[in-house]
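Take a look at this one chain, the form predicted alone, written out in structure tokens.
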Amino acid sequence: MVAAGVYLIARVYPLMQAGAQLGGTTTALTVVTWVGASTAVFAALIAVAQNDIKRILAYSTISQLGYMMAGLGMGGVAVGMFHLITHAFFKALLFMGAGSVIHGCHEEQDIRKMGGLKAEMPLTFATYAVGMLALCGFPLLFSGFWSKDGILEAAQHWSVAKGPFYMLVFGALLTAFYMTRQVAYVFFGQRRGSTPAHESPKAMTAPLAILAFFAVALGFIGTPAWPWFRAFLEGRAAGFDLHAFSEPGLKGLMATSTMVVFLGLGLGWWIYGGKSPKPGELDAMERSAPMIWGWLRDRLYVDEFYGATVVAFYGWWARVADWVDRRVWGGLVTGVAWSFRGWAQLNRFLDNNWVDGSFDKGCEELSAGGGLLARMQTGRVQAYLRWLALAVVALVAILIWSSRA
């Protein structure tokens, strides 16, 4: 569900690339690139000041989705999808590791109330460290390094602008910083919880170990020396060639990426490593820059802005729709209902007074005439003979009267 948008862009990539010149781009891919780079930085900034262990990972996921989108926009399907595949494993490892921490800390999710879990949860710590280093893009050993460097390489050679490259580098710095902060809060320093923690059972730690293995191993199918994943998507065989590392600018990019990761890890450890705040004590960055920290802690007021704009608009539109429904459409429906009710009453009046009256009168006359004839049909031969005699007398009288006339 989370990565559905990335997969969708990858599937329709030929349509979005249609019309581009050789080595060029299109308006659609340019928009995807800028939106992705902006998202990578924006979500990473918010993750810096969060205290919920899962919320940090959630905003980290949004940031990495921005990386994937930028990779699709600048480098194509193989670049964006390779980071999607590697990220799926090490971010699943981190989320499951966070679940293990929450379980071991008796459902506690606030990292300010943890600390010192390295000794109490060694297996969770070891696997979480692997996921954290893979997410940060620790050089050479972890899959995140190779997939993220593929995106940075595409950004470095993007002919449209250099802005996304610098934004993504800054996002990588922030990623290493906030993940070091999280690990320092959770696993190092002194225990700040009210109850002792415990290691999770094997049903939880065994999947962590499996995911940790793939968080390392998957990187080797996308190295410049053996780009198997790209070759697989392009339907060709992948060869192994160490000379690929000598491509122009590649070593410099790897050195830059490595320095950025080490800088983020170093800053995070310098500020938070072994200096866990006491319960109720402010964060180190919160003390030094409270205003900026407040903005980041409150998610740059995105929720408030969304509520004041989109939610407010839809609330107003809902009231307009309600008024139209009640006053306009409801009035029309009521008018139609009253017209049909009046027509029904008119039909009832005509039916009761004209149709039924005429029919009933005709039926009464027929009934009376039928009753008279019925009295004549008695079934007695003597009566029939009397009527016949009277008829003969009447006929004779008529004939006599006619002959005299």
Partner chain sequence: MSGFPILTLLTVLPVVGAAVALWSGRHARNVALITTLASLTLALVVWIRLPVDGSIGLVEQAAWAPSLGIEYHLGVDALGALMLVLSAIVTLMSVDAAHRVHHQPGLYFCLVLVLEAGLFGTFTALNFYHWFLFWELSLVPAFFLIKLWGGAKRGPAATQFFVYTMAGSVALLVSFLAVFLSTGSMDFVHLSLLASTGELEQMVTAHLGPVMLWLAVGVLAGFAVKVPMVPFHTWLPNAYAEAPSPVTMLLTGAMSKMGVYGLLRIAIPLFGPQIAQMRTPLLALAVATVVMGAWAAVAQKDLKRVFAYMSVNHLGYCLLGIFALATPAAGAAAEASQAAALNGVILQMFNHGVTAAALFWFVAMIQTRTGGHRGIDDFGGLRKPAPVLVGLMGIALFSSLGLPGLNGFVGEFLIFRGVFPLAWVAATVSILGLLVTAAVILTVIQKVFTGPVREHLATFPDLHHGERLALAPVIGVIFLLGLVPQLVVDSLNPTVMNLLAHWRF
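Residue numbers count along the first chain shown, from 1. Rigid core: the largest C-alpha set superposing within 1.5 Å between the two forms. Here the structure is a predicted model, which is why all the values come from computation and not from measurement.
This next part talks about the form predicted in complex with the partner chain, which is not shown.
Asks: What is the one choice in A318, V160, V302, A255 with a heavy atom within 4.5 Å of the partner chain in the predicted complex?
Replies: By the 4.5 Å heavy-atom cutoff, the listed residue in contact is A318.
Asks: Work out which of A206, V333, L140, L233 lies within 4.5 Å of the partner chain in the predicted complex, going by heavy atoms.
Replies: The residue in contact is V333.
Asks: Work out which of the listed stretches, 164 to 172, 282 to 290, 309 to 317, 112 to 120, brings a heavy atom within 4.5 angstroms of the partner chain in the predicted complex.
Replies: Looking at the other structure, the answer is 309 to 317.
Asks: Using a 4.5 Å heavy atom cut-off, are D322, R326 and W329 all in contact with the partner chain in the predicted complex?
Replies: Affirmative, all three are within 4.5 Å.
Asks: What are the residues of 291 to 305, in order along the chain, with a heavy atom within 4.5 Å of the partner chain in the predicted complex?
Replies: If the 4.5 Å heavy-atom criterion is applied to the partner chain in the predicted complex, 291 to 305 yields nothing.
Asks: Quick check: R341 between the shown form and the other one - does its CA shift reach 2 Å or more after fitting the rigid core?
Replies: Yes, the C-alpha position differs by at least 2 Å between the shown form and the other one.
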